[in-house]
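Next comes just one chain, in structure tokens: the form predicted on its own.
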């Protein structure tokens, strides 16, 4: 018996990008802050483009601490959700038509989130990456780091714990 021929790489990339875009589009706060995600294989980098509305202290000027925390939390949630979708895609348990139909796994719910503000967020673009430390059926732990000009000089980092959604597909509000 012959193995089925692999899909062309462009088709695989399009499906992965469509799934990520649908996931990100499902979080309105992401659009409000202007956060974008760059995907390289299974690795995501979040980008928070600078905008004057993000400034909390115009005297410094500095990015508002709440914006920084929201950026970190959104990055952690999208990374955790993406890791679930990625695993399903790689195992062949993901319906390629699901993102277009708006059927994605429900988002994890934040249990707690701790932010360490390491230095001032300057008025420029910011980047973040999250790493899932543990992800089980009921609970997940994620670490996230944010930087601006130099990846080794973090301006904030956070640790989040999440309640994992049940096995339902389709997103639930709230």
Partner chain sequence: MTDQMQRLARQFIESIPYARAMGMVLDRIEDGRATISMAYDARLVGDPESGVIHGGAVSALMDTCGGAAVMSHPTGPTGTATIDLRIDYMRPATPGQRITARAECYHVTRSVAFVRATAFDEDSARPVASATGAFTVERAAGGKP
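Because the structure is a prediction, the values reported are computed rather than measured. Positions refer to the first chain, counted from 1.
There is also a form predicted in complex with its partner chain; it is not shown, and the following applies to it.
Report task. Please check if residue 116 has a heavy atom lying within 4.5 Å of any heavy atom of its partner chain in the predicted bound form. Result -> Contact check for residue 116: yes, within 4.5 Å of its partner chain in the predicted bound form.
Query raised in the report: Applying a 4.5 Å heavy atom distance criterion, does residue 131 contact its partner chain in the predicted bound form?
Result: Flag for residue 131 set to no.
Requested in this report: Find out whether any non-hydrogen atom of residue 110 is located within 4.5 angstroms of its partner chain in the predicted bound form, and reply yes or no.
Outcome: Output for residue 110 is yes: heavy atoms within 4.5 Å of its partner chain.
Query raised in the report: Within a 4.5 Å heavy atom cut-off, is residue 58 in contact with its partner chain in the predicted bound form?
Result: Looking in the predicted bound form, residue contacts with its partner chain include residue 58, since a heavy atom lies within 4.5 Å.
Query raised in the report: Within 4.5 Å of its partner chain in the predicted bound form, heavy atoms considered, which of 39, 143, 36, 64?
Result: Contact with its partner chain in the predicted bound form is made by 64 alone.
Query raised in the report: Looking in the predicted bound form, is its partner chain within 4.5 Å of a heavy atom from each of 27, 32 and 53?
Result: Looking in the predicted bound form, the three residues 27, 32 and 53 all sit within 4.5 Å of its partner chain (heavy atoms).
Query raised in the report: Within 141-158, which residues come within 4.5 Å of its partner chain in the predicted bound form, counting heavy atoms only?
Result: Residues within 4.5 Å: none in this stretch.
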